[in-house]
Structure formats: C-alpha cells, structure tokens
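Before any questions on how it binds or moves, here is one chain, the form predicted on its own, in structure tokens.
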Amino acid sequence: MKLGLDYLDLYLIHWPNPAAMRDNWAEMNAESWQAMEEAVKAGKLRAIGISNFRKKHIDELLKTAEIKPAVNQNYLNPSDMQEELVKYNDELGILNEAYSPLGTGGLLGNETVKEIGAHYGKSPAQVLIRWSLQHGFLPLPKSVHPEYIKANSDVFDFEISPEDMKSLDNLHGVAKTAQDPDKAEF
C-alpha cells in the first residue's frame, strides 16, 4: 500500500453523484464498492462506508453490495439534522457520522449555543459535539489547533438536558445546509 500501512480502518466513497459522472453514477458507485469489498476481503480495509449519500443512492448501492456500508458521513448539526436520512441510516444499521458538527463554524457564534455552553461551563464547540453524541452521531470536528483538538475531546463529563437539546434541535436553517449531491457542481 502506497501509504506505508498494512491496512486502513475505514475507506469511504466521498460523493454519490459527481457532476462529471451524472449519467452513470449508480454503475460507478457499484464498481467502486466492489473494489472496496475486494480490499476488505484481502485485509487491506477494515470497514467501508459512504459519504453524502441520500436514500436513493444507498438503495441503488445495496442492490449489488455484498457488504453493507458501516458509515454514512454527512453534514449533520443543529442547523441541518437531515432527519429522514438519519432515520434511514439507523434503520439499516449504518452509523451516522457528522462532518461539520459545528456547522462549518457557523453555529459557534449562535446565541442559543453560547448560552447553553455558559450554563454547562463549556465552549460552543463542546456543546455542539456533545449534541451530536447525544443524537447517536459520531462527530468529526475539524481543527488544526492543538488546544481546540484537546478541548473537542472534553465532552464526556456533562449531558445536555432534554430541554436544551430541544432548543438546539430548533436551530434548523441558522447556518449553512447540506448540498444536494444530485445538483451540486462537485
């Protein structure tokens, strides 16, 4: 393996329907998935998953897949909960991984998030990461600052109350929302 590793823990198909492959996205995903399944069988990958897949993309992939995706990594945060997709992933036993759990930074300055953070003695980022965990999501916050990386893991010593969770859940649309993979020019 060119990475100098014996195996990878997780490997994903990043986008279900790239603009350059719109005419045959399902076939391309099936071929990619088959190659990934072969890598799992060869011991090169421990788990395989998907990212930004919606229900129709998952359904199409499952028509030919031998191995079910372990993870569906999506844009999930209080501003965009993608409730139907989360429920569908749960029904299939696919872990919901939340990339941009901080709303691409757009929720860090939100007054509700800041007030809830002050109540628990936590930063807005810690509140948003904890919110993800309490929803059963695996949060994937991004940071390049060592102090933020350390603080992002300091979220297991408190629990957000049901009332505060509801306040956070009601922030739909206050920050960026997920792109539709069938329309994005990616």
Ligand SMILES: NC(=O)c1ccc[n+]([C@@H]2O[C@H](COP(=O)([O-])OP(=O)(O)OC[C@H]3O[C@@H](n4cnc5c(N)ncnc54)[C@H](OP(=O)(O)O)[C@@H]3O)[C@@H](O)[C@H]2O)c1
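Because the structure is a prediction, the values reported are computed rather than measured. Residue positions are given as counts along the sequence shown, with the first one as 1.
Heads up, the form predicted in complex with the ligand isn't pictured, but that's what we're talking about next.
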Proximity of Thr64 to the ligand in the model of the complex, heavy atoms at 4.5 Å:
no
Is it the case that Trp15, even though its partner is missing from this view, gets within 4.5 Å of the ligand in the model of the complex, heavy atoms only?
yes
Would you classify Gly93 as touching the ligand in the model of the complex, given a 4.5 Å non-hydrogen atom cut-off?
no
Non-hydrogen atom contact Ile48 with the ligand in the model of the complex at 4.5 angstroms
no
Can you work out which of His119, Lys142, Lys55, Lys41 has a heavy atom no more than 4.5 Å from the ligand in the model of the complex?
Lys142
Only one of 142-150, 27-35, 157-165, 55-63 has heavy atoms within 4.5 Å of the ligand in the model of the complex; I'd like to know which.
142-150
Can you list, in sequence order, the residues from 92-109 that come within 4.5 Å of the ligand in the model of the complex, counting heavy atoms only?
Tyr99, Ser100, Pro101, Leu102, Gly103, Thr104, Gly105, Leu108
